[in-house]
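In structure tokens, the next block holds one chain alone, the form predicted on its own.
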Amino acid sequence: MNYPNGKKVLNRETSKISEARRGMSLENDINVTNEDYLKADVAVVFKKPTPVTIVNVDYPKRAAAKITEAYFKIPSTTDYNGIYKEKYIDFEAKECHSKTSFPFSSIHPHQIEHLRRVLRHGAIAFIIIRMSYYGKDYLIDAEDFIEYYDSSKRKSLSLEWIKENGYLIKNGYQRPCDYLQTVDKVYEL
């Protein structure tokens, strides 16, 4: 697609994403959506920073300092948290490039444990999975995900399971991943 200003927009299905940048398209869309939610005073939801310890910095010029070595301090929890309609929400965002399934290896055990903990305390918790090949985003309730994860002998969620148990998220221009519309329906807010 070409916009009037001459900018070209890559087709999500055909654009190649490097291993290091995998998942950034979904996170960018969620960040843009969260900025709009904040501007419209709909919700306050932020991406959690990943805690790192900086070990080495290269200073070729004062204004061009570059971190050359750093380590994760502790395993992070989930990607996003915040407040919506007086409810605490906590969720993980994952981009999947498979045509047929979402591998459990894409989500870490400590993240699943974190989701269990926030659920025990009454949070609204979920996972947003972008099936990149199809250009579709799904909200998966954390309880449903954990139940399947604990009981299944499979090592992934099949696309069929995602379609049957997940909730399609509508995407728009101003809110490219408008997940709160789906949260309203799923959690009856």
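Note that the structure is predicted; figures quoted are calculated from it, not measured. Note that residue numbering follows the sequence shown and begins at 1.
Below, we turn to the form predicted together with another copy of the chain, even though it does not appear here.
Choose one stretch from 144-152, 160-168, 54-62, 125-133: the one whose residues place a heavy atom within 4.5 angstroms of another copy of the chain in the model of the complex.
Among the candidates, contact is made by 54-62.
V32 versus another copy of the chain, in the model of the complex: is there a non-hydrogen atom within 4.5 Å?
It does not: once another copy of the chain is placed as it appears in the model of the complex, V32 has no heavy atom within 4.5 Å of it.
Quick one: is A43 in contact with another copy of the chain in the model of the complex, heavy atoms, 4.5 Å cut-off?
Heavy-atom contact with another copy of the chain at 4.5 Å: present for A43.
Does N81 reach another copy of the chain in the model of the complex if we count a contact as any heavy atom within 4.5 Å?
The answer is yes: N81 has a heavy atom within 4.5 Å of another copy of the chain.
I'd like to know whether V118 contacts another copy of the chain in the model of the complex, with contact meaning heavy atoms within 4.5 angstroms.
Close contact exists here: in the model of the complex, V118 approaches another copy of the chain to within 4.5 Å, heavy atoms only.
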